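Listed next as structure tokens is one chain, alone, in the form predicted alone.
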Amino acid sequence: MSFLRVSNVEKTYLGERKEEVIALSKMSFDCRDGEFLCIVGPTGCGKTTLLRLIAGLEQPTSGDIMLADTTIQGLNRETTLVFQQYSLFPWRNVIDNVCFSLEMKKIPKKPRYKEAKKFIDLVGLNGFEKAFPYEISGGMQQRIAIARALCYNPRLLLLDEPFGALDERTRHRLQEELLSIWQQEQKTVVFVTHNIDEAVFLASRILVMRDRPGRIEQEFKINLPRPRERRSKEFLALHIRVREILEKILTANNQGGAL
């Protein structure tokens, strides 16, 4: 059954010259409970706007977004949004960053540290509890951000290009770790990315967006077994199919070649 439902959502803004800019139009899709859904699309198509609407950080101009049959109105405390920028508190060490949400809930120090330690171990940062963000790598900082999101215990985990700033080797390693966490924690995940390889590797299903205004262009259901082999014929064939759709969108919009 549908866990997240986006129905005919439109989002408009006022541009610099006070003109109406339509960021999203007729945006509709479902996400099943426990699904790993990836959304890809060209720059500026509204992917981040969509995540902000699901998180309740912004409101749609029209249409509905429902989580577990409840319409999202205002800040959605059933979700956590992880950005590409790590958004860590530089004056807090790893464990205090991870358990911040528990501290805000007035949970005593000992139980909140115990809970945070579980997720620190889960993301492979055992032994770094007392380190500060400036003392560790970008990949490790992103693990902290993911551990903090999981410690909040959301029903829906939203990720906005969380590995986009990392080198390929680190990105691949964190993709594998994220899948392991997803399988262990059985969270529902909506993951936005520009990287087609990343989407094919991670997703249960891929939605391809087009822009002007942003909307769903095509859906790809992925039946490849896990763990997925990036060099397999099936993986490469699906990669090509998704890329072809994106290239058609870019060509139609005269945006040039970069995805």
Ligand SMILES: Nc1ncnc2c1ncn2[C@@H]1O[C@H](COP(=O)(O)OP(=O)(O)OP(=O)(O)O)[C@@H](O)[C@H]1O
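Because the structure is predicted, anything quoted here is derived from the model rather than measured. Residues carry their position along the shown sequence, with the first being 1.
Note that the form predicted together with the ligand isn't included here; everything after this is about it.
Asker: Quick one: find which of 25-33, 228-236, 38-46, 197-205 has residues within 4.5 Å of the ligand in the predicted bound form by heavy atom distance.
Answerer: Looking at the other structure, the answer is 38-46.
Asker: Residue-level contact is defined here as any heavy atom of the residue lying within 4.5 Å of the ligand in the predicted bound form; does residue 161 satisfy this criterion?
Answerer: Yes, residue 161 sits close enough to the ligand in the predicted bound form that at least one of its heavy atoms falls within 4.5 Å.
Asker: Residue-level question: is residue 240 within 4.5 Å of the ligand in the predicted bound form, judged on heavy atoms?
Answerer: Close contact is absent here: in the predicted bound form, residue 240 is far from the ligand, nothing within 4.5 Å, heavy atoms only.
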